Structure formats: C-alpha cells, structure tokens
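This document starts with one chain, in the form predicted on its own, laid out as structure tokens.
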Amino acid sequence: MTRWTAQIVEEKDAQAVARAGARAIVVALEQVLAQRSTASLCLAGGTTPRAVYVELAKAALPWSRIHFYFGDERAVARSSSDSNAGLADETLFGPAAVPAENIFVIAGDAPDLVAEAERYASLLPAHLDLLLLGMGEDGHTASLFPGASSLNERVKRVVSVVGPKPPPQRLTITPLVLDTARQTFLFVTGSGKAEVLAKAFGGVGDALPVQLTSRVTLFADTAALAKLGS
C-alpha cells in the first residue's frame, strides 16, 4: 500500500466539512467540464457523505453533463435504507433532478453478485474524474476492509465481498479503481475516527485500506484531526 500524499482541509465541524466539500466538488467538476463534454463522479456511502450531498444538490451544475457511479453497494434493493444508491436518491439525485440516464447504479439485489460485479466494472470509465471516499472507524473505505483479500486485487475492478459489518454481502471497487482516479476527496468527521486517522497518516502498525490511494484531498473536522499532531 502507498503512504498518503495529502492536502488537508480542516473545518470546525461536520457541517462545515460538508459545505467545504461540496464547494470543492463543484470546482473540480467545473474544471473537467471546461475541457470535456462530460465528467464522471463516483459517490461514497455513509453519514459524512450524506451531508455533503445535501449541500451539493444546491449547486447550479449542468447535471445532464455529469455521470454518477458508486464505489460500493450493499446486497440490498435500491429502496432499502441500507442502499448507497437510495441515499443518493434522497439527498442528491432527487433534489438536483439528476437525469436517470446519468446514474449508473450497482444492482445490490442482483441474483448473481459476481456477474453484477463484472457488469458494473464494464460501465466504469478508465479513469474516474473525481472519486469520493469516506472512512470507517476501522480504516475501511468503500467496502475494502482491513485484512481482506480484495486489498490485493490487481485484475478485477469490481468484486463481490463479505464484510464484517451488516449487511455483510457487498460489491466494491478495488485498488485498481482507487489508484487510477484523477482526483480523490476523502471525508472524515468526528472524534470516533481521530485515532484511526492518526494511524493512517502516522504509518504506525498495519497499513489500512483507506491508504490505497496516494493522491487525496482530506476534508476533516477538528475532532477527527485531534490526534494527528503536526
């Protein structure tokens, strides 16, 4: 795994992180759209990204020119409260009136998750313009968990995995996708993640899944950065 080279954006609290993150996403997408007709944005799930999407939905972006993907999904229907796509429907796609044809969803309720992983991998662009990530208190990102065999995947871009958290069956992008994204934004908030964030940056102990990308802008609140030191 690669040690991070990171730009850190510190904000006072989670809501300030959401606002700063949304502004940065808008700028990044506008820069891409100034050069090309479309831009690709890969979304994360979780509590911190939820607040970012609420803020992002307020932006006056040309939504018809942005293609949306997902870094991972639980093996549930899109209507489930556990679905990352469902979260995006509620907080971003619906409020911003994103065209349905621009949303590329992982079918978490597909009967064959291995086949669905292959299908979704075929839809991903060679290089995502912007990849959004969150981080769990165990250092996982997307559905790449510490010690999992998926961390060593060097052929497939999307795989079916079993995680330690419910619901356990999931689909996730692999290090191949993380390492080839043109830009990566990582969102971390709360004191509960301060220790693992310090561990990730300090390089103490085993390497963490969240370190899989070497080019990252970290948006974090003061509480999450409390143990990072200098």
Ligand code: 6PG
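Computed from a predicted model, the values in this text were never measured in an experiment. One rule holds for the numbers: they count along the sequence shown, beginning at 1.
One more form of this protein exists, namely the form predicted together with 6-phosphogluconic acid (6PG); it is left out here, but the text below deals with it.
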Since the chain is shown here on its own, which stretch among 44-52, 194-202, 174-182, 57-65 would lie within 4.5 Å of 6-phosphogluconic acid (6PG) in the predicted bound form, judged by heavy atoms?
44-52
Looking at V158, M135, I106, L131 here, can you tell me which has any non-hydrogen atom within 4.5 angstroms of 6-phosphogluconic acid (6PG) in the predicted bound form?
M135
Given a 4.5 Å distance limit between heavy atoms, list every residue of 52-82 close to 6-phosphogluconic acid (6PG) in the predicted bound form, or none if there are none.
D72, R74
